[in-house]
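A single chain, nothing else alongside it, follows as structure tokens in the form predicted on its own.
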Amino acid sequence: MKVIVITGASSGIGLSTAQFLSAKGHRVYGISRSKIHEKNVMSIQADVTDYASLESAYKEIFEVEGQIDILINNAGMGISGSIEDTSSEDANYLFNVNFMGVFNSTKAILPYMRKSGGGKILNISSVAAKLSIPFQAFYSSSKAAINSFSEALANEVAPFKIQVCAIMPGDIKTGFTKNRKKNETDSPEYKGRVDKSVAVMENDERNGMDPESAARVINRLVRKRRIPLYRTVGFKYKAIVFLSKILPAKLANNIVGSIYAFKKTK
């Protein structure tokens, strides 16, 4: 039995993982801005953009349990639209949630994980971290930042028997599609292409994997003695990530552009 903390646990991958791991007998704490109504998931309301609220939450968990074994940094959001039309406020907010939220959560929990004698930090990244999606530039960039953060963190905390893994799911059917923030205005130069691109993204997501696919992968990482630095979720996405490594960068980027960028405007 492990004591597991999951941020963004009120919906999507976070909720599915909380349900799956609690059913396996683990003590699961869900961190979310809203109350989580799950029988076997302990709900703590906190905001990943507020370090003090996370520090208080993790202190409370450690005082009750005497240990914290696993942190799953899952909270995140998306923005769609062209880079040129994205407001600085929206870009800053996305990075505050997606990247600074991972930093805040990790920073707050590390003292308790060291006191526990080790543990695992699983950061939910995305295949988009490896293949940046046009008109989702800020989401892709934030996930790439999480990958770099995970690599540095893994080396820093290795002496404390803390392991780190960046988990990269492909398209998954969750409320993320409906909740994606769109630019308030799309200039005429981009609007038609943005609309087509977002339609493709949303169709891929609606026909994507069930969130339990990610939960099963996370469960295997929880159980393993040693975990990899990266784990891709979904067979076809493993193939895509592999191809991105062996193809010339410009060719790989052009392939992504042919799917999502709609470079021909007529």
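Just so you know, these numbers come straight off a predicted model, no measurement behind them. Numbering starts at 1 and runs along the sequence shown.
Beyond the structure shown, there is the form predicted together with a small molecule, which is absent from this document and is the topic of what follows.
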item	value
Contact residue in the predicted complex, chosen from Val157, Val97, Leu131, Ala108 - any heavy atom within 4.5 Å of the small molecule	Val97
Contact segment among 81 to 89, 123 to 131, 184 to 192, 109 to 117, judged by heavy atoms lying within 4.5 Å of the small molecule in the predicted complex	123 to 131
The small molecule in the predicted complex: contacted by all of Arg33, Thr49 and Asp171, heavy atom 4.5 Å	yes
In the predicted complex, Phe103 touching the small molecule (heavy atom, 4.5 Å)	no
Touches the small molecule in the predicted complex: Asp69 (any heavy atom, 4.5 Å)	no
Contact label in the predicted complex: Ser11 to the small molecule, heavy atom within 4.5 Å	yes
Any non-hydrogen atom of Ala75 within 4.5 angstroms of the small molecule in the predicted complex	yes
